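Starting off, we have a lone chain in the form predicted on its own, written out as structure tokens.
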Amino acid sequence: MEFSTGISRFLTKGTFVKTTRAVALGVSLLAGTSALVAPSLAMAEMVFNRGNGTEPGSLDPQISEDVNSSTILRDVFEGLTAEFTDGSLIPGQAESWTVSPDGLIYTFKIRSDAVWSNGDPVTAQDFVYSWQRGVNPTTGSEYSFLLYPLQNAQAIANGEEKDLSKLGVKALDDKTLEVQLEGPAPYFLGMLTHSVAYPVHKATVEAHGEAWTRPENMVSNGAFNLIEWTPQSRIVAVKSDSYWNKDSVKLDKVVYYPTESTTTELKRYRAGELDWTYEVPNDQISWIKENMGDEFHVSNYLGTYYYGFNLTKPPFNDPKLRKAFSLAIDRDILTSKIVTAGEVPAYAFVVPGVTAYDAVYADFKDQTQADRDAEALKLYEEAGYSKDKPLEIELRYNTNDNHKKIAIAISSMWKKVFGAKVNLVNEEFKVFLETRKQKEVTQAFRAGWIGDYNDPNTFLELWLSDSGLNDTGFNNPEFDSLLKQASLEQDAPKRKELLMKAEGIFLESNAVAPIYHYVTKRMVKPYVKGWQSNVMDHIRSQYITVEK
């Protein structure tokens, strides 16, 4: 999708006036005459310059699938529920809700002052339309599975039920929404903070098609309004005058900077161009700790970094080979020598410590690395390869300094243990995601999964056979059945047991090689206030102040 390179809006005398991108440079074109912006006005603006990783894939809430897009969408849109600075759940567009005794019916009361950025009221019907859009196969949402707790959602997403009105959501009146679930889902309210559950403005989507997310077209309902998207340069959002809680928002503007190189991002931060980085280069963490330690922030993160294998084609349709390649990864060396910010070696896919769950680990967790290497070589040879007859594969990752260093380290481990020849292939993030999805040329690939809510289900549902984000091609009917049973189970211990059994099946398949559990690591200027680390790393700009 190609976007406009420079529509901005400039506030003067209470009126938004469209101008060219020259506004960003300090020049406005009002009434056809150029004039310098008054210094007092420029100084009065509170602007947050935020590093945001790679270029966002999409700013369509039902289409978006990456963390970088989600950061912006949390600022520009709002669901029925939202989050406070510490990540705790709070009311969003819904001021209140009730839950039936059996946990199957949720009734939400939408705020009377919840309005769209064009002044239209946000209604219950907006959510009905948006959630139907999320599960409609023609939309192409890769996150439709997040809505599967709703009655008939999975049947609609799979094309088994053609009538969208059968989805378990209806408007009782303009401001009352009723949701019918298939089974009790303890994570449901938390899931509603995900972008797939955000409302979108029907008239805007239908009028502009795919172009509705362009700044000049977008109508949104969050704390900020999108005004500029210059690909590979910056994305700009300004405080919304229509947001119901606008009085609590102190920032005038957020500028998001996509930067694939973590080294370049750190340089921009040190030069004063950024107030906040998305990440830091792993090989400079020691220097950062010694020289800028008070600006370096590390916290636990609900996520797993892993390598996936394409199970649909040779060579990794062989389970022995997959396990060999997983065994040969020395996770202790990676976390002590390569990533070094406190990441923990991973032998599970669900992050240990997730609410109401007991960790399930791969069967080789307690082996020494020497024993793992010996078993890896044995399995490699049983799969038909040897150091004299090596396997040659491609290891694919998206362009990023840290991913490259990890790929180089792991490929050297594979070469050392059993002589495999590994060709590294890096791709721009959007291309990389599409390549993984197609499962045509991928063999081994880098990936990471960040929980969408604090529950084991958010890690396991990724591997359902019909999940749009299952880029390995893992397909196990027993696994699918266990997750289905868990979604209907009202007894918490029984539900946990079903989910643990499902993870055990998944780990045994070695469809992925978990490598480490994430921490967030970033630089933050001392004058950036109002934010808190939280395990989801959902840092909404609406709470932030820049106190220079």
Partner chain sequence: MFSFILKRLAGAIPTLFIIITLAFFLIRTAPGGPFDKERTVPPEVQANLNAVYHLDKPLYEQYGHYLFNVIQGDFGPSFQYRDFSVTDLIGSGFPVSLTLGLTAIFFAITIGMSLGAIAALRQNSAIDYAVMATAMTGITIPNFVMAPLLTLVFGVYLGMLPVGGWGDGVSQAILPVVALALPQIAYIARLTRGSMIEVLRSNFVRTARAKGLPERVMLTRHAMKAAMLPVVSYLGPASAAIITGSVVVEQIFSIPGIGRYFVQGALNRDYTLVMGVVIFYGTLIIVFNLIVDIVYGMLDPKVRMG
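Computed from a prediction, not measured in an experiment: that's the story for all the values here. Positions refer to the first chain, counted from 1.
Separately, the form predicted together with the partner chain exists; it is not shown, and the next lines address it.
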The listed residue (Lys289, Lys378, Arg270, Lys421) that reaches within 4.5 Å of the partner chain in the model of the complex by any heavy atom is Arg270
May I ask you to choose, among Ser165, Thr139, Ser412, Thr312, the residue with a heavy atom within 4.5 Å of the partner chain in the model of the complex?
Thr139
May I ask whether Arg234, Arg446 and Leu469 all come within 4.5 angstroms of the partner chain in the model of the complex, judged by heavy atoms?
yes
Contact stretch among 329-337, 245-253, 149-157, 175-183 - heavy atom within 4.5 Å of the partner chain in the model of the complex:
149-157
In the model of the complex, does Lys387 have a heavy atom within 4.5 Å of the partner chain?
no
Does any heavy atom of Val431 come within 4.5 Å of a heavy atom of the partner chain in the model of the complex?
yes
Verify the contact flag for Thr259: yes if a non-hydrogen atom of it lies within 4.5 Å of a non-hydrogen atom of the partner chain in the model of the complex, no if not.
yes
When the contact criterion is heavy atoms within 4.5 Å, does Asp75 count as touching the partner chain in the model of the complex?
no
For a quick check, can you give me the residues of 184-217 that have a heavy atom within 4.5 Å of the partner chain in the model of the complex?
Glu210, Thr213, Arg214
